[in-house]
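Have a look below at one chain only, the form predicted alone, in structure tokens format.
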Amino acid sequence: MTTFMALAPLLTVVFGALVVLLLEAFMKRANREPLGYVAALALLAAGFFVIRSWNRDLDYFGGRLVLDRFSLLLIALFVILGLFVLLMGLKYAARQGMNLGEFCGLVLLAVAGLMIMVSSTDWLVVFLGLEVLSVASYALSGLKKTDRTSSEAAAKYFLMGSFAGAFFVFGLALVFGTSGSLDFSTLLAGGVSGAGLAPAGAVGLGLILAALSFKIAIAPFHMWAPDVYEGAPTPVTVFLTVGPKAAGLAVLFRLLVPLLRNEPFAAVFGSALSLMAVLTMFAGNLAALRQRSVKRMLAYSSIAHSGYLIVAVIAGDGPSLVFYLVVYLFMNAGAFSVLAAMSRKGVEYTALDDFAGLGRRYPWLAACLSVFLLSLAGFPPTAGFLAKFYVFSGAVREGHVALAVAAVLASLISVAYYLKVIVFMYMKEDQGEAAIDQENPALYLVIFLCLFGVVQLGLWPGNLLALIRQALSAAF
């Protein structure tokens, strides 16, 4: 149904960003935390419109922006992600010399870019959302203006992102030149029927996939990710490791699942994706083994999880893909929230030695981090175990046995570095340097919600899985 209400979640977030930035310009009080609550209110309002739009299949701009159940599920995921990032940043911004108003406004604009990407059925609109996301992400990465590593992260992200944007635009030109349209349906019709996907169009599609692979941090387009994730402010790192990954995978899923059913197409692109998935899983996990910084270790871990998620795309298993993204949000945001708690004015304790004795000094915080790490490693009964089980079993069911075996082996490698952090927390001598900020209720709320999500979805995933299956059966 074509209606202006299809724009309601997007416009609410953009309006919230503009309000926050205007209030920031005219606010004279030193305490800027109310700006965070205004931004959170905008996200909650967007979540309300998502609920109101369920089962209505709204669209606008001639069907180029669609609110089907698949996009609504992902928009709800981005709303939760944005709320977590804002709550993490309320105290963190002041401690690290960041401007809270700029931080909140940029987070909202980045969420708006994600919403555009997952709601689009036209490549040009996808590119628009990608650029909105990218520009906001570049600025967010460098918000710690006095920190050299943050500035380097922003510069590297900008340079590499510019190359990815150029690949995307060149790919669009080739696709449009061969098909005469940038609509998904035209490309799908040609690819599924076995006709219409000219060599130049296939090259253009490959360039587009390369640009999206950069955003998802898939090998060999992942080299920027560890430095950017490590140098960016910790709440921003949470956003970068979840948001662009989910949006890029959603676009890939919409496009590739129908095309991979065509044998000539699958022989080239399916094989290439499988190889990239294997390289991503092993490159991320093997590099993480050598890290002495927990933040950098989690950055490489994020790359490995991109490989697991690509397995779900190759298998065409939409429910497993969305379930994994939801679980990954909780366990990854929870782990980085603990790192954010281990920071004070101008200092972040992310080295592995800083975690020595944490289990004796702050047992509740160490216990939470242990649960998140065990879930990332895939230990039962956490949600991470079920997420990996559904993805790997779906790959086996679709005949990708070798790919599933490679994913299991890569996951086994990850156990070593996740358990290494737990060993340091409980079995190493207390260093006594890292001081935890006890007066940060918003951050501890995020840790509690992430812990609840990891445990609850590990024990009772049925309701969420039923909702996801219902949504994807209607959308595809």
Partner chain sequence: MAWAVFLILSFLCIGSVAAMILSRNQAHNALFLVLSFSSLGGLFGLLDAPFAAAVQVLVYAGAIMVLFLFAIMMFNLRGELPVRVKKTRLAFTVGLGTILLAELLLAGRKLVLGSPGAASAAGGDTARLGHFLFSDYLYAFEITSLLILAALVGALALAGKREGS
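Here the structure is a predicted model, which is why all the values come from computation and not from measurement. Residue numbers count along the first chain shown, from 1.
The following text describes the form predicted together with its partner chain, which does not appear among the structures shown.
J.: Out of 299 to 307, 254 to 262, 374 to 382, 98 to 106, where are the residues with a heavy atom within 4.5 Å of its partner chain in the predicted complex?
T.: That would be stretch 98 to 106.
J.: Can any non-hydrogen atom of residue 32 be found within 4.5 angstroms of its partner chain in the predicted complex?
T.: The answer is yes: residue 32 has a heavy atom within 4.5 Å of its partner chain.
J.: Can any non-hydrogen atom of residue 397 be found within 4.5 angstroms of its partner chain in the predicted complex?
T.: No - in the predicted complex, heavy atoms of residue 397 and its partner chain never come within 4.5 Å of each other.
J.: Is residue 353 one of the residues lying within 4.5 Å of its partner chain in the predicted complex, judged by heavy atom distances?
T.: Looking in the predicted complex, residue contacts with its partner chain do not include residue 353, since no heavy atom lies within 4.5 Å.
J.: Taking its partner chain as it sits in the predicted complex, is residue 14 near enough to touch it, meaning that at least one heavy atom pair lies within 4.5 angstroms?
T.: Taking the distances in the predicted complex, the answer for residue 14 is yes, it comes within 4.5 Å of its partner chain.
J.: Does every residue of 65, 131 and 203 put a non-hydrogen atom within 4.5 angstroms of its partner chain in the predicted complex?
T.: Yes: 65, 131 and 203 each sit within 4.5 Å of its partner chain in the predicted complex.
J.: Going by heavy atom distances of 4.5 angstroms or less, which of 278, 174, 80, 90 would be at the interface with its partner chain in the predicted complex?
T.: Filtering the options by heavy-atom distance leaves 174.
J.: Let me know the one among 329, 313, 116, 75 whose heavy atoms come within 4.5 Å of its partner chain in the predicted complex, would you?
T.: In short, 116.
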